[in-house]
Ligand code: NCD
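For reference, the chain that follows is the form predicted on its own, supplied as structure tokens.
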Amino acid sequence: MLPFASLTSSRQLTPDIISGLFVAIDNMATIVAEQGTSTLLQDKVVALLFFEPSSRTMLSFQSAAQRLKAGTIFAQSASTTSFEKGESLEDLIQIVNGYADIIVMRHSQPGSAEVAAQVSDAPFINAGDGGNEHPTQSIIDSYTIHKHRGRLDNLNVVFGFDSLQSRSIHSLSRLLAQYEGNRFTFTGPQELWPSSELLSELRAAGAQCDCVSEVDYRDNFDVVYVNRLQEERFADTTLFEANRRKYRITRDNIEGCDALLLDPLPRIDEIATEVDALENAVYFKQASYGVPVRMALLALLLGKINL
């Protein structure tokens, strides 16, 4: 079990919890490699409510549930639910409580995860609430860093290129800020630097933070973490169009860099395909960790395993 009933923010993920989670994730990865499936959740039903587009998150949660023999029920857009008729989120969640043992939700509204978790009797997992947070992605990301770098402290990390609107960057930076000695460099157009509120929060937690328009990736970084410009979150697409191809990792500017190169994906313009062949480009391996990570979370929140 976890010390909370629902996961809505990476702020809940302390170093002690992350350490225990990594053991559980390793155990789930062993199940997948050696057995393929387990009957751990054969008596459970997982509700997957995805009101924003998703590929990796939705499919990996579905795979995680099926590998643990759980049943699944789906709603994959607002138009397929009674939202279309004006039903409130609170009412929908309470209805789904009667159909499933745990709820996983993605929603376009920042803060919707907290609203849903507060009215849910079943454990609840935030699979992304607008541009706010994506805590399960931060577990995948930190797990990847630990697997390939062996630590989560004393890291020199670059975040690009839309730190203002990327929920993945928000969640990972909040998680890593809890570890000693971490330094964050946020890069991209100045208009897309992190909010002053997030920077203050990270600095208060002990992280050193800088914002710059450009970086040299060979400058002693441990991790380069990039995410696409969040096209769907721009009120004015002029800024998006002006920068979508300006900020881009190519073989020329990354080759010779020892940093671990991560991207929560989907990839649009931010990384050239020629970079895929480099040993430190591990974003596809990063995506594959989504299944054991989400297997562990489902099992823990449903009380089937302990930290």
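Please read these numbers as outputs of a predicted model, since none were measured by experiment. One rule holds for the numbers: they count along the sequence shown, beginning at 1.
This next part talks about the form predicted in complex with N-carbamoyl-L-aspartate (NCD), which is not shown.
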Of these, Q178, T185, Q230, S142, which has a heavy atom no more than 4.5 Å from N-carbamoyl-L-aspartate (NCD) in the predicted complex? Q230
Proximity to N-carbamoyl-L-aspartate (NCD) in the predicted complex, single hit among A281, L265, A47, I271 (heavy atom within 4.5 Å): L265
Taking 4.5 angstroms as the cut-off for heavy atoms, does S168 touch N-carbamoyl-L-aspartate (NCD) in the predicted complex? yes
With a 4.5 Å heavy atom cut-off, would you call Q137 a contact of N-carbamoyl-L-aspartate (NCD) in the predicted complex? yes
Contact with N-carbamoyl-L-aspartate (NCD) in the predicted complex for R248, defined as at least one heavy atom pair within 4.5 Å: yes or no? no
Please determine whether R56 contacts N-carbamoyl-L-aspartate (NCD) in the predicted complex, using a 4.5 Å cut-off between heavy atoms. yes
Assert contact_stretch over 153 to 161, 220 to 228, 189 to 197, 202 to 210 against N-carbamoyl-L-aspartate (NCD) in the predicted complex, heavy atom within 4.5 Å, equals 220 to 228
